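Below you'll find only one chain, the form predicted on its own, shown as structure tokens.
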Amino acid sequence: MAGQATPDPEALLATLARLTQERIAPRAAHYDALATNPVESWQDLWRAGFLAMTIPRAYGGLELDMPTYVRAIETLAQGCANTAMTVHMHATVHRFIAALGTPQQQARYFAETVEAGKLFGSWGSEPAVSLSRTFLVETTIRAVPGGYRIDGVKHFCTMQGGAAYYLVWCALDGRPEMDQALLQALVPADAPGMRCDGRWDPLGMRATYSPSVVFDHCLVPADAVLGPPGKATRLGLVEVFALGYAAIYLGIAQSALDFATQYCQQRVFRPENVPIAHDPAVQRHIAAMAIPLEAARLLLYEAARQWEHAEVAQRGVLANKAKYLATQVGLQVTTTAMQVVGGRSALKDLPVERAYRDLRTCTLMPPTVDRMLEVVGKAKLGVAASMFQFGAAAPPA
């Protein structure tokens, strides 16, 4: 309901934790095996109001502050990394709509989520471009009578077939520099001229369903674009992706640690006939996971606390710090959890195997480790640092 009261963060997170454990987590293995969108989990989250986490309260959303938001995404990831990733992308698109959209666009798109549970994807990656090296978009958008035409190829198109709209990152035809050419368009799922190759069989994050999509004279209406060209990267919003990724990594790692801990408390081998939790080597392994995980979480929460009042450049540093440590710790924890559980950890019957695959896969998302360290190192050295290194826009086709 529009104009609703500010929600209590702890009550909301407690509700989300129950929903995650009771409804979201039990489906995670099923969606992983099928490599399909977690539609039922999205619907449960919509009915509980959690698809509107970043929608302003004036439009019926929760409008969570950043500290509460990252905790919510982390909570979801402990139950299903794929649901957390898709919801994080969806929620970040809402941030772009709130910052760049007209009042008419905001009223329309926010209502579609609040009232009907519609989801929004974000498609920026392209086969020939590494966004960690240079922020370059070769998919073009050009004005035509009645709207715009989009041409190009996107890959890792998360939520393909499951969302109602896709925020497609394009280069405005005729603009020579990428920082002035970037234009985002909300493309309806049924837009003519958009086709999917349907190929998706990855190691992990299988239920994010992210095949490649070709845009061939794809036509969208004039009101599909968000804001003026080049503005999207100057608002400190793109950096939210990396902050949310850090929350997801830590949620996955926590799930692996929780499983390994419970396993050690319950598993008994002969001839000792006591749980392996009594083994000093096991105790050291558990501590070696728990301590860095707690440190990475504290860094993430501190970055989220500073977020609202941080300048755009500082947000890039905060996000890179959080994502870097979450990446390193997440990989360490899931690997060690597999080692502690032993040979059984390779069985798909145990969730630690899925946590390992999901963490190894989603930590490949940009920015890369090298790029994160570069940004943080420049900031420490007083060298001008930017989240992005812009390239020239694609030439007219």
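None of these values were measured; they are calculated from a predicted model. One-based numbering along the sequence shown.
The form predicted together with a further copy of the same chain is left out here; the points below concern that form.
Though a further copy of the same chain is absent from this view, in the predicted complex it lies within 4.5 Å of a heavy atom of just one residue from Arg95, Lys118, Arg149, Lys321, which is Lys321. No residue of the trio Gly60, Met89 and Thr140 has any heavy atom within 4.5 Å of a further copy of the same chain in the predicted complex.
Across the options 35 to 43, 324 to 332, 66 to 74, 51 to 59, residues that bring heavy atoms within 4.5 Å of a further copy of the same chain in the predicted complex belong to 324 to 332. Arg357 belongs to the set of residues with a heavy atom inside 4.5 Å of a further copy of the same chain in the predicted complex. When a further copy of the same chain is considered in the predicted complex, Glu302 lines it closely, a heavy atom lying within 4.5 Å. Within this chain, Asp190 is remote from the site of a further copy of the same chain in the predicted complex, having no heavy atom within 4.5 Å. None of the heavy atoms of Ala14 is located within 4.5 Å of a further copy of the same chain in the predicted complex. Residues from 183 to 211 that approach a further copy of the same chain in the predicted complex with a non-hydrogen atom closer than or equal to 4.5 Å are Arg199, Trp200, Asp201, Pro202, Leu203, Arg206, in the order they occur in the chain.
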